[in-house]
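Encoded as structure tokens, the following chain is the form predicted on its own, with no partner shown.
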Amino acid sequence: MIVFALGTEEYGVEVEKVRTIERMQPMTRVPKAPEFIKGVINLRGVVIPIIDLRSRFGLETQNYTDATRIIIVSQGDYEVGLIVDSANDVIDLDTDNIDNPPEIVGGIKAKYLDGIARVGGQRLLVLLNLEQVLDRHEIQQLERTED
């Protein structure tokens, strides 16, 4: 799992789905895109839409800092960047330590969550459901906007 933070909560996304982790960089806004899509970047010749996870989850927005990262993930046949507060850990996770998600965690609805993992004694990790976070219809809508 790649571990990242949004505020005081820690989240995890499967290593297999992460292509790269990048520092913040200039983005090109896309007209008529949903508010949580901050724009697109050209990463080594590939144009990638960028989603601000705080905005996506309806959390309070914050200014980007030196710790802010863009996690480029692949879901199916497309890639998307996720803006997170920081990304600084990779851990192995035993599936026996994963529980079903509660209805809401840190203000985030269960539909975006795959589960809650117990790591060590006190640490909890919220596992994201990338299929819900990266809604295919919204991404396709953005691709049509780019044309």
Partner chain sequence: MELSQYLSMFIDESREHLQAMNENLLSLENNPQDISIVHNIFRSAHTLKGMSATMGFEDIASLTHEMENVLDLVRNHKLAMDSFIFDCIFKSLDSLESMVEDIIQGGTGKADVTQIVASLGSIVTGDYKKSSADAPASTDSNKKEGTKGIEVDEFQYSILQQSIDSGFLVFFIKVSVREDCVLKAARAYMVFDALEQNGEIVKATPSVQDIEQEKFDRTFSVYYISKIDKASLQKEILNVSEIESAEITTVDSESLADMSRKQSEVEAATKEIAAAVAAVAPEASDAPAAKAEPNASAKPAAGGAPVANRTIRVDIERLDALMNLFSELLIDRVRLEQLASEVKRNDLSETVEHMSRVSSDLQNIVLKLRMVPVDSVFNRFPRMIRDLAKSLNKKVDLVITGAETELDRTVIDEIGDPLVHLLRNSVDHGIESINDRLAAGKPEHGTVYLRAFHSGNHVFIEIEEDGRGINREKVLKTALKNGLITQDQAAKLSDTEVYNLLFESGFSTADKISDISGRGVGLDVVKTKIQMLGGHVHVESKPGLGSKFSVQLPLTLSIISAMLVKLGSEKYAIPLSSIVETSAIQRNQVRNIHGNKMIEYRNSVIPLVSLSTLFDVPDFKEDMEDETEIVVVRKGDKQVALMVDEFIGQQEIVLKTLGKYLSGLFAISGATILGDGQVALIIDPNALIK
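Residue numbers count along the first chain shown, from 1. This is a predicted model, so every value here is computed, not measured.
There is another form of the same protein, the form predicted in complex with its partner chain; it is not shown, and what comes next is about it.
In the model of the complex, its partner chain sits within 4.5 Å of a heavy atom belonging to N42. Using a 4.5 Å cutoff between non-hydrogen atoms, Y78 counts as a contact of its partner chain in the model of the complex.
Not displayed here, its partner chain is approached by T28 to within 4.5 Å at the level of heavy atoms in the model of the complex. In the model of the complex, its partner chain sits beyond 4.5 Å of every heavy atom of V84. Only one listed stretch (42 to 50, 112 to 120, 65 to 73, 87 to 95) carries heavy atoms within 4.5 Å of its partner chain in the model of the complex, and that stretch is 42 to 50. Think of it this way: in the model of the complex, its partner chain has a heavy atom of just one of L134, V13, I21, L125 within 4.5 Å, and the residue is L134.
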